[in-house]
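Coming up is one lone chain in structure tokens, specifically the form predicted on its own.
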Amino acid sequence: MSDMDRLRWSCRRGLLELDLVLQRFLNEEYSSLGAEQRETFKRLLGLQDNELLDLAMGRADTSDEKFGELVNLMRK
């Protein structure tokens, strides 16, 4: 299984809204990320579904600057 396949699998979550946001981000933005941002994205995927959805939808903020950069890209 390739790294991209693993990421696609990790982007499948229990919430449809989150699935849609993560899949769009993976398809449209991930390829333009640098190595550090890609690692940050993998860490971001470690968050609980509701916490990650709240960040992606703008209902919550993060104090982690690196998370914040990626969340802003997701909100595009």
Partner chain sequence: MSYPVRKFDAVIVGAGGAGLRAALQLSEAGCKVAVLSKVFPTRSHTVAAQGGVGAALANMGEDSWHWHMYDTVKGSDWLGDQDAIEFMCREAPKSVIELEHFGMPFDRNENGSVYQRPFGGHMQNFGAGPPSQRSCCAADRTGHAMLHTLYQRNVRSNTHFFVEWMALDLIRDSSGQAVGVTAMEMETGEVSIFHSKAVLFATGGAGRVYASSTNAFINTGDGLGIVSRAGIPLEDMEFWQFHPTGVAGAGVLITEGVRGEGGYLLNKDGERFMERYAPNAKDLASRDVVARAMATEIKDGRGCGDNADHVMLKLDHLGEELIESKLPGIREISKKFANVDPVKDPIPVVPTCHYMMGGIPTNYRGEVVAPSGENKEAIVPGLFAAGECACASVHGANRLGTNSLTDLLVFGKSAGNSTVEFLKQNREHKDLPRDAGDLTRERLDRLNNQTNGESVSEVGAALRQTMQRNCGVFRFPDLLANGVAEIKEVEQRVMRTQISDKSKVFNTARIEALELDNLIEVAMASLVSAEARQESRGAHDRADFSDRDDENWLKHTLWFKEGNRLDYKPVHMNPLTAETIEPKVRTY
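Note that the structure is a prediction, hence the values are computed from the model and not measured. Positions refer to the first chain, counted from 1.
One more form of this protein, predicted in complex with its partner chain, exists but is not displayed; see below.
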Does any heavy atom of Asp49 come within 4.5 Å of a heavy atom of its partner chain in the model of the complex? yes
Does Asp64 reach its partner chain in the model of the complex if we count a contact as any heavy atom within 4.5 Å? no
Gly68: heavy atom within 4.5 Å of its partner chain in the model of the complex? no
Sequence-ordered residues of 5 to 27 touching its partner chain in the model of the complex, heavy atom within 4.5 Å: Asp5, Arg6, Arg8, Trp9, Ser10, Arg12, Arg13, Gly14, Leu15, Leu16, Glu17, Asp19, Leu20, Val21, Gln23, Arg24
